[in-house]
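Okay, here we've got a single chain as structure tokens, the form predicted alone, with questions on binding and movement later.
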């Protein structure tokens, strides 16, 4: 019952935080100038009337010199229209300035671009977590030996190099110089073929190498401390082998700190993929997010900001709930 109340409380706080962030984003972008993207064969009146129909502006008038004037609808009235369209009609808006997707529903474009982003982040996590944990465990068990020194040098090098520089190195050596992978991700929707997976590996490596170093550093630091605690000596005197004591006691205590670091690294990878997707031409939402800012397409910006904000907030809740399952002492303390 306590865990249920705690989860409900955290969900309520998450929803409140999400609403506050999104209202702030909506208010701030509505203070910016309204950008109208009109093609050579397009009628500006149609574009302005479209914005008027969506509740952004009103009283549109064309001046004698060809310029257009209008009155802004108050921001919180615009917010009411926006929420009404989302909850009653499932309408998250249409692209008004993003030329490639002009007049297309932003939700449809978002759903189309979501799989590549999910896959490269998922592959990055699946590759990075076991390798990083394995290196960290090995470094802790071989502390101050040559294996530990080699792993520490490897960790320092990877942490020191930003993901964008790592991406350039991967592009030059693995893609251009040695020709192991294509320079950019393949187009198409056959995401689970070998050719598509091979084209995804360069951005995946650019994202996961830094994460491997982070996982290894956290694991080594925490496991090294736990291995020196007195309860480990007690476990050995009760007849457990070093491997049994490490696995049953040291690793479980270490995971209280390591597991949240895994989720925080996943969030940093997700945000880092904004740049990596552009570098490797990944047709995902990260690239879409950056372009929505460049083109000042506000409906795209609101939807994608909500997506990234929600991912970060949900990850925080998962971290908090995971403590109770990883360490029973936390559940016992709650009672």
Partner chain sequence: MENAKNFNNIPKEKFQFAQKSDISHDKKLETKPVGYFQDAFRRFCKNKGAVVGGIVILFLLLFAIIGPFCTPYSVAYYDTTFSTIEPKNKLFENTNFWDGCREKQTGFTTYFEDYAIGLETGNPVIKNGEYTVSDDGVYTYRYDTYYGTGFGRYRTVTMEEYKDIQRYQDETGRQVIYPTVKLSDRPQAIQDKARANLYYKTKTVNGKTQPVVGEDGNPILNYWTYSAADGLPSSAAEYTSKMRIEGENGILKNGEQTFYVYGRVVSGGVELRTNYYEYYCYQHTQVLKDGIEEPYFLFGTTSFGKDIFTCLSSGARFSFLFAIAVAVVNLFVGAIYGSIAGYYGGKIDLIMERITDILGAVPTMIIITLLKLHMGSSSQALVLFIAFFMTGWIGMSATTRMQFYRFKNQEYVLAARTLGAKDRRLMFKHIFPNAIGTLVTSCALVIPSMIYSETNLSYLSIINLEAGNITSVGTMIAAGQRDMMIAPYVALFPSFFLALLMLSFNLFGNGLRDAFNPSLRGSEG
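Since the structure is predicted, the reported quantities are computational estimates derived from the model, not experimental observations. Numbering follows the first chain given and starts at 1.
Note that the form predicted together with the partner chain isn't included here; everything after this is about it.
Contact annotation for residue 127: none of its heavy atoms lies within 4.5 Å of the partner chain in the predicted bound form. Although the partner is absent from this view, residue 301 contacts the partner chain in the predicted bound form, with a non-hydrogen atom inside 4.5 angstroms. Using a 4.5 angstroms limit between non-hydrogen atoms, residue 317 is distant from the partner chain in the predicted bound form. At a distance threshold of 4.5 angstroms between non-hydrogen atoms, residue 162 is in contact with the partner chain in the predicted bound form. Picking from 253-261, 176-184, 77-85, 191-199 the stretch near the partner chain in the predicted bound form, with a 4.5 Å limit on heavy atoms, gives 176-184. Residue 28 is the only one of 53, 45, 61, 28 with a heavy atom lying within 4.5 Å of the partner chain in the predicted bound form. With respect to the partner chain in the predicted bound form, the three residues 21, 275 and 279 uniformly fall within 4.5 angstroms at the level of their nearest heavy atom. Contacts between stretch 275-308 and the partner chain, counted in the predicted bound form as any heavy atom lying within 4.5 Å, involve 275, 278, 279, 289, 290, 293, 296, 301, 305, 308, listed in sequence order.
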